[in-house]
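As structure tokens, one chain now follows by itself in the form predicted on its own.
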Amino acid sequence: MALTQRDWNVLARRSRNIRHVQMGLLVGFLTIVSIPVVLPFFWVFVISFSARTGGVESAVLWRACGVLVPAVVAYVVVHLTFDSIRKRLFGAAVLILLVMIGLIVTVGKDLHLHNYRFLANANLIEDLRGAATAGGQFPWVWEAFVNSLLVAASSTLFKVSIATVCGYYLSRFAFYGRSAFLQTLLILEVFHPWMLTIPIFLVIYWIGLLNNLAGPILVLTVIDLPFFIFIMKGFFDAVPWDIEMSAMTDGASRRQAFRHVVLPQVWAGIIAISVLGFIRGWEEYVFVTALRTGNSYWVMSTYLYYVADDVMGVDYGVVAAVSVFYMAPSLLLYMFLQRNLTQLTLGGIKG
């Protein structure tokens, strides 16, 4: 028996209701399982704006999180409900306004910006630990920030450039030793780089890059290259040969076909490894510390370590504020480019 228009409308309404219920259950499940992971980050954020010399009250944390957590859940719902970027931005703006009003009402009297004085005070660590102890050895946070930015950006540029070229050649050319090269890359991924700290230190010392930012940049580039090469090879494998051959048949050279035809097809992979490479370089602590003696250079990770040093007592408000400032670039970069990161599954790895 043929279905009438009314029957089709009923089925469509039922399907929409089922989809909304399933989406709601999914969002609820993800929210519940993510609370233990996300809640400490909310606490750090709240502590940075509310902690004083005597510490912070737990009631302030819970009241603030009672405003922030529902706002994040609401943003997720808005993001999943609306496809228009304009509507998403409008929803985010409304939520930010509501969060500000909610925080002012619930914990407004406890909020202040005193913990962020390190942004304007070049001698913050001396003030926290005492000038006699510090001896004027600690830099302004902006010096550490610029150094971290230099390490992260430079290593990312090298990683992306080399991984893109290597991934293309491994995907498109069959040369002697190709399989052995791919197996070697896999073997390199088995060993954790921290196991090689002492040999790496000796190599950097022998080539004269100790106490120089070029040392960590070189080490971070080499360590992350095997993984990034495999990612880019997978993206190039997903690009059909036909479009490249068609371009060369029409008169384009191999280089022109690579630049104008193949490269735009793997742009998502390039952005993805750029984000991963930047975050990896930004958060690095082990090698930027191991490859220096004394205070030859500072980055954000070492700055945060010495702010949290409890030899002369810990100011938890300042530690939380520096942590928020430290996390901000990676978080903003991820938020703006998260869609490209989810496209990593488009690439495959074939030998």
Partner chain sequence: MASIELRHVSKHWGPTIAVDRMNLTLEDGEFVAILGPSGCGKSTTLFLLAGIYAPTEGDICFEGARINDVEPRDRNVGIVFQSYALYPNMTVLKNLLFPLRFKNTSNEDAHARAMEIAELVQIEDLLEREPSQLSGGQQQRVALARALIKKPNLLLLDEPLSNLDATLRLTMRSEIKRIQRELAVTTILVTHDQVEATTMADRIICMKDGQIEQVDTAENLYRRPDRIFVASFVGSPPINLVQGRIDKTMLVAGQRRLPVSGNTVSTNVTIGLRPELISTGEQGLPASIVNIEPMGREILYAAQSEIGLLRFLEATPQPRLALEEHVHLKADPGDVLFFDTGSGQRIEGVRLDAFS
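Positions refer to the first chain, counted from 1. The shown structure was predicted, so the numbers you read here are calculated from the model rather than taken from an experiment.
Here the subject shifts to the form predicted in complex with its partner chain, a form of this protein not shown in this document.
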{"query": "The unique member of G177, G108, G251, P199 whose heavy atoms fall within 4.5 Å of its partner chain in the model of the complex", "finding": "G251"}
{"query": "Partner-contacting position among T184, S246, N121, N211 - heavy atom within 4.5 Å of its partner chain in the model of the complex", "finding": "S246"}
{"query": "Candidate stretches 227 to 235, 212 to 220, 84 to 92, 262 to 270 - the one whose heavy atoms come within 4.5 Å of its partner chain in the model of the complex", "finding": "262 to 270"}
{"query": "Close approach of Q256 to its partner chain in the model of the complex, 4.5 Å, heavy atom", "finding": "yes"}
